[in-house]
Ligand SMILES: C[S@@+](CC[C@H](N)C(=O)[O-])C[C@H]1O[C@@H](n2cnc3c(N)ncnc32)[C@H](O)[C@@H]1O
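Single chain ahead, written as structure tokens, the form predicted on its own.
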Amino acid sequence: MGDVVTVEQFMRFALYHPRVGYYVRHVRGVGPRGDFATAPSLSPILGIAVARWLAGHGRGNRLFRPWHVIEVGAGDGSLALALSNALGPLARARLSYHIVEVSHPLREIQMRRLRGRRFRWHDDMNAALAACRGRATIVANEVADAFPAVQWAWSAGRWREVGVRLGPGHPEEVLLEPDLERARRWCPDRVRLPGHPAEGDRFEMHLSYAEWLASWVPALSEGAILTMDYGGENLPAQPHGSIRAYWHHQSLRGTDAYLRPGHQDLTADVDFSDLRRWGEMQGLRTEWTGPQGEFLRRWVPDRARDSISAFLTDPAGAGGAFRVLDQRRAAVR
């Protein structure tokens, strides 16, 4: 019959197992030659926008003398490089840039690309925050979606958790009893979705991301967290959910997403209403949230009018599919 695991357990194994996990061992890189592309791998515009946002909100704040920036999951190093290059010489001289990276292949790519610059690598957020004495600006681009997601499906008038039966042949999905206590702790509104879901409707919750935040945000005594990812606000349940795999830039859905565990990326859309709530649960103040296109237009009004910049700012393209969340913690005086 084969073993049965939840979708979240399957994603955790496939992405982060220390010997065979995709991010830990088999990711081929980011960009045209990798399995997927990110905005920074396509254009420096996002790095320029983040640099200007950083300088704008840090001006006059003693936190940014010197500046401590922590980037979580830096991909191929494109965002770090563009951000650093966009700062003026004085700001760059004061910049202390920390990268938290769990992927050995990506860390090697980053170290080659950022060689000779002022960058430090850490294995986890608490180590990075300790190096910054708890005062830093944290940048997380396409990080939340890389966390294992819980998927629920509406079946026979109630929510069930989606699982995967592993064994010979094609993987099969099964419905399991959900962990209601865990879901109610982090997503009370999601458990009570309004309206009447249709049979088979699904939605995802990045509960592991909420638990990860809770493990280190208390150590942030002063600073900001800038989160960028694809998703939306108050995402509704939908017929097939949003979990998919990426294999050589090909999107795979349904049970095909469970093929080749450890050799392809797995992801799901991020609900920014959840992210906002989880930060506020840890005492952060939400400063701003909105579409990526609006963020880019605000901070890079002088952007080049090339096709990639147009796509990244277009409300009908990546400019609307991606969102930005700016949350702050002020020092206690």
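Residue numbers here begin at 1 and follow the sequence given. These figures come from a predicted structure and were not determined experimentally.
There is another form of this protein, the form predicted together with the ligand, and it is not shown here; the text below is about that form.
In the predicted bound form, residue 257 stays away from the ligand, with no heavy atom inside 4.5 Å.
Although the partner is absent here, residue 16 sits close enough that one of its heavy atoms falls within 4.5 Å of the ligand in the predicted bound form. The shortest heavy atom separation between residue 40 and the ligand in the predicted bound form is within 4.5 Å. Contact check for residue 141: a non-hydrogen atom falls within 4.5 Å of the ligand in the predicted bound form. Of the candidates 231, 73, 163, 262, 73 is the one whose heavy atoms come within 4.5 Å of the ligand in the predicted bound form; the others do not. Between the options 243, 237, 81, 102, the residue in contact with the ligand in the predicted bound form by a heavy atom within 4.5 angstroms is 102.
Remark: of stretches 127 to 135, 145 to 153, 84 to 92, 248 to 256, the one touching the ligand in the predicted bound form is 145 to 153 (heavy atom within 4.5 Å).
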